[in-house]
Ligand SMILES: Cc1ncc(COP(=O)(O)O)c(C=O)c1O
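Next up is one chain by itself, shown in structure tokens, the form predicted on its own.
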Amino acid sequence: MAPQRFFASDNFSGTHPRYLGAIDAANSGHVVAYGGDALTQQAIALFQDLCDEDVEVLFTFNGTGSNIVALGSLLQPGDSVVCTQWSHINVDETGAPERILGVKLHDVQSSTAKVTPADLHSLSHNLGNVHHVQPGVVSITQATELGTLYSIDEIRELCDVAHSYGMRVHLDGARIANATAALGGDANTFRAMTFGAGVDAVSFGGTKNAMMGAEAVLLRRDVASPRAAFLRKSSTQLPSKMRYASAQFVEALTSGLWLETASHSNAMARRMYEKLRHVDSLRLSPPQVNSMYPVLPGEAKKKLQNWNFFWDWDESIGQVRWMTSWDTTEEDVDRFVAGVLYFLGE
């Protein structure tokens, strides 16, 4: 029997009932639009408390829009954005940074999907040369597109090196809750790996973590453009009925639900790994967050995908991606594992 839920993406899952409840509670009467409501002001205050500083908070509709607003707020004329070849802005945003911001992406090669200080040192010879695009912003993803994590020390070192060259640092946190849960699981962990480490802008993801169309851009005021809010509007990312996104973030940050759901998602990936780690042909590594990247033979892969869909990842080696979500159950995992073993003939 197939699982009730898919293991293709945490975008496949629905919205948590408590977030739907928060939206429903906010859906009463008339309030000032475009962020002038009390819920939005409460959500902003909660984010400032989470970051432990007076960050600018801009709510947006989706992850690509968040990245556009965050990057655009840090860029200067003639800048490039340094990222890995795996980064979402480089692979899965249909050229949005280049088209909307008119910026060059400088993608460095990485087997772990992580930018390193050595990458920044190797690009520093471009600085000051009027004929070369200037590496002005470093964009990292936490957790990365390969399910890996930067340690807090790695982020701090990367920020120190970037700042020494006059570069700014953006963190794409589409799955920032999963990373926070994995590295410590509390607000102090979040602070330490973001603004405490020297990050200048964070795209804070909610949609992949059980929310409905709720994302946020967090900006260090003394670094980001003071016209970031105008960029959000011109990038078509200003929600008119902002109270619905804000209500979800109020619920998330007051109750700790954002970490509760991410911790569960991570735990379900670990459960799957423990039940399949003995299958050498899968080439599984222990998951750091809620994703794994096994290798499957062609016939077994097709049968499994027809039975319970998931995405291909690197087709040249038969690699796929399995992801758990906030609503993945132990029964879902156990049924999926049984199917994997069956189609592999184990």
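Everything numeric here is computed off the predicted structure, so don't read it as measured data. One-based numbering along the sequence shown.
Quick note: we don't show the form predicted together with the ligand, though the next part is all about it.
Although the partner is absent here, residue 141 sits close enough that one of its heavy atoms falls within 4.5 Å of the ligand in the model of the complex. When the ligand is considered in the model of the complex, residue 35 lies well away from it, no heavy atom lying within 4.5 Å. Among residues of the shown chain, residue 208 is one whose heavy atoms approach the ligand to within 4.5 Å in the model of the complex. Though the partner is left out of this view, residue 199 does not reach within 4.5 Å of the ligand in the model of the complex, counting heavy atoms only. For the ligand in the model of the complex, the listed stretch (267-275, 170-178, 112-120, 239-247) containing residues with heavy atoms inside 4.5 Å is 170-178. Of the candidates 88, 106, 191, 156, 88 is the one whose heavy atoms come within 4.5 Å of the ligand in the model of the complex; the others do not. Checked against the ligand in the model of the complex, the candidates 27, 285, 62, 41 yield a single residue with a heavy atom inside 4.5 Å, and that residue is 62. Taking the partner from elsewhere, every residue among 67, 93 and 145 has a non-hydrogen atom within 4.5 angstroms of the ligand in the model of the complex.
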